[in-house]
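Single chain ahead, written as structure tokens, the form predicted on its own.
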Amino acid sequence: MQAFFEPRRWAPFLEPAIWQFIWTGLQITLSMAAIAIIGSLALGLFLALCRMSRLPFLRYPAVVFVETVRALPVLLLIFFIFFGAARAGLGLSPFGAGTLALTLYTGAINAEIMRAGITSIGRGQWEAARSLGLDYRQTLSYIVFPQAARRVVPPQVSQIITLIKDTSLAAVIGVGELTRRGQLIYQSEVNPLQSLFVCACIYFLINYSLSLVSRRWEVDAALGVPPSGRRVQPVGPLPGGPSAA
């Protein structure tokens, strides 16, 4: 424990160049995460709708993809895409291979989260929407999606946190993200505990902030507060209604 607090091992973190090096790695981490988040949300919604479809040619391929990808380790998927793209001559960079692997894996997870959110909406609301003359697309857009979106926020944020942590796995194929930068620092400065501790603190600050946002959304959803932050006020009786008599 004494070695952990040894000043000479913390000395490199007094140099601005070291923090610039770490900041560059953090930018790569956040870039990978942002691209994978956007891509996986779109892919997850598409797969969820395909899996719920009554058309076999849409449902069965979606089921096979989701169940197969979910059963694979993320690291194996990263290796498979990286080396497979190289063998196929696709010219995919380590950054691209890592991001694609994270997008596919997280998309499969998101598909199940979104499907659970959509199916949690009571059948009566579907029937009520149909009775008002709304078709399937309108029912999803105006009735089902707004309610399902609020219900899937907590597990969705948890999956985003997992995705941000999983970007560190791309270090094994040479992506210079945050964890890889930490490795390069301790290989040069011979301070593995200190370098990895700094990286761990950065991951913690990012992911804990997301956890706080998720908790706030959960509380707001329970209290009926819309995303704008203003509490919904109950609508009073209409003029000329029963109470106006």
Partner chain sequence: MLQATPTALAGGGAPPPFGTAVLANLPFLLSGMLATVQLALLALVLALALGVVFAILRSVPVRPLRFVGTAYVEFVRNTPLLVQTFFAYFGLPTVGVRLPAFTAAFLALGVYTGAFVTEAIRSGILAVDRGQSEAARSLGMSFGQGMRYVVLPQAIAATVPPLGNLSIALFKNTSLASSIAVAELLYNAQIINSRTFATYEIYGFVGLCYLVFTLPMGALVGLLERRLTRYR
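As the structure is a prediction and not an experimental result, all values here were calculated from the model. Positions refer to the first chain, counted from 1.
This protein has a second form, the form predicted together with its partner chain, left out of what is shown; the following refers to that one.
Although the partner is absent here, Arg70 sits close enough that one of its heavy atoms falls within 4.5 Å of its partner chain in the model of the complex. Although the partner is absent here, Met52 sits far enough away that none of its heavy atoms falls within 4.5 Å of its partner chain in the model of the complex.
Put simply, Leu169 is close to its partner chain in the model of the complex: some heavy atom of it is within 4.5 Å.
Remark: Arg137 does not count among the residues lining its partner chain in the model of the complex, judged by a heavy atom distance of 4.5 Å or less. With the partner removed from view, the residue among Ile28, Ile35, Leu45, Leu196 that has a non-hydrogen atom within 4.5 Å of its partner chain in the model of the complex turns out to be Leu196. Between the options Ala149, Ala116, Ala128, Leu75, the residue in contact with its partner chain in the model of the complex by a heavy atom within 4.5 angstroms is Leu75. Three-residue candidate spot Tyr142, Gln159 and Trp217; no residue lies within 4.5 angstroms of its partner chain in the model of the complex by any non-hydrogen atom. Heavy atoms within 4.5 Å of its partner chain in the model of the complex are found in one stretch of 116-124, 77-85, 91-99, 129-137, which is 77-85. Counting a residue when any of its non-hydrogen atoms is within 4.5 Å of its partner chain in the model of the complex, the one hit in 101-125 is Tyr105.
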